[in-house]
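Just one chain follows, in the form predicted alone, and it is written as structure tokens.
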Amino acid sequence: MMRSRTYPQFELQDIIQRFGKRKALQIPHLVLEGGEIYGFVGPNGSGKTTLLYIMNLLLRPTYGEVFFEGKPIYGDTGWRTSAQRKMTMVLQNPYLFNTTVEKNIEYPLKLRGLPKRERLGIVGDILDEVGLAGFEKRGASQLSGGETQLVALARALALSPRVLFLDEPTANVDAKRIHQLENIIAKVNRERSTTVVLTTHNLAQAYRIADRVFSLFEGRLVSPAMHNLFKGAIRTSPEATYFDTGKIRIQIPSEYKDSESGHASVNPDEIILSRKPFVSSARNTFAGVIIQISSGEGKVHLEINSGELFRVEITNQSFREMGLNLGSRVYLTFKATSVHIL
């Protein structure tokens, strides 16, 4: 008996997106399997949102082909329409109609012809799922930024999509709602087997949520994922060459003094973490405070505010021996050669 062939949920081949003369995106090949959470990270202008629009079939690439469940999207108009009904997207700044929460969530269900009783039942269930039970009659204009994002997410989930696209889902959300949103995303993926594709500028968040993380830089996928990516400018002094972010000055090798690059990154594995200033030949030392702790793959991942946010990885044993907690004051030390000018 022959087995039926299975296909990736998405496959992008030879994708190029141009806006005028500017090449905004160039993806030779990308495959996404169903039922996973994918995170795309990168600075503003790196192509994250453009890629989301192409995968969500809102933007046809200048060149290349998009395959969904093994079939080319642009070879069959009927298949494109069918595929679009299996996807939905929540924007960074979602638009809500100036009416009640209930009517906002009900609207796409009404477009699909569901009877009113069924629509209202779905609205109630979804609001309970996102932690907004009882908000049915609340006016959209009365919602906070975090509540608006949750209602937009509820509206998307009401359609039971196979694929959920989220563009910077916590960018405009208050701190107390960020953890709630992340938990909802993980729960939706786990309990509904929904594929989630999200963009974020926060690498630590991407690693907390996603099964796999991709980095985009100037429209291209780069490997490995760029940690501690900073934007700024190269400065020189009689003593040294620096990368100046506007908040901190990171010493870099003098060979970069004539570079016009506006981005630099530091590998977390090359950062030494200590409770006291570390005496070494390394040129960069910054005091900071631990603001986020997570673990995975046998390591502890720390997010540290040192003027800029740094991600540092240490072993579980080192974490225990140093007695670290949220709010612990620490020192980051790394060599000038650990800084990569992009």
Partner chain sequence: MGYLSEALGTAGRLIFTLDPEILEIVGRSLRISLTATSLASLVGIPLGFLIGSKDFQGKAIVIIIVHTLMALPTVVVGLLGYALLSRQAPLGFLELLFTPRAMVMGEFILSLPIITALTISAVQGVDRRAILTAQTLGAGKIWVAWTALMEVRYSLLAAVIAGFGRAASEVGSAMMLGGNIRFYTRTMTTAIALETSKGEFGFALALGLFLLLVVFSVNILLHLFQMRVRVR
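Numbering follows the first chain given and starts at 1. Computed from a predicted structure; not experimentally measured.
The same protein also has a form predicted in complex with the partner chain, omitted here; what follows describes it.
Taking the partner from elsewhere, residue 233 is found to have every heavy atom lying beyond 4.5 Å of the partner chain in the model of the complex. Remark: residue 94 counts among the residues lining the partner chain in the model of the complex, judged by a heavy atom distance of 4.5 Å or less. Contact check for residue 56: a heavy atom falls within 4.5 Å of the partner chain in the model of the complex. At least one heavy atom of residue 107 is located within 4.5 Å of the partner chain in the model of the complex. When the partner chain is considered in the model of the complex, only one residue from 98, 193, 254, 237 comes within 4.5 Å through any heavy atom, namely 98. For the candidate set 208, 263, 162, 155, a heavy atom within 4.5 Å of the partner chain in the model of the complex is found for exactly one residue, namely 155. Just one listed stretch, out of 83-91, 264-272, 214-222, 123-131, contacts the partner chain in the model of the complex at the 4.5 Å heavy atom level, and that stretch is 83-91.
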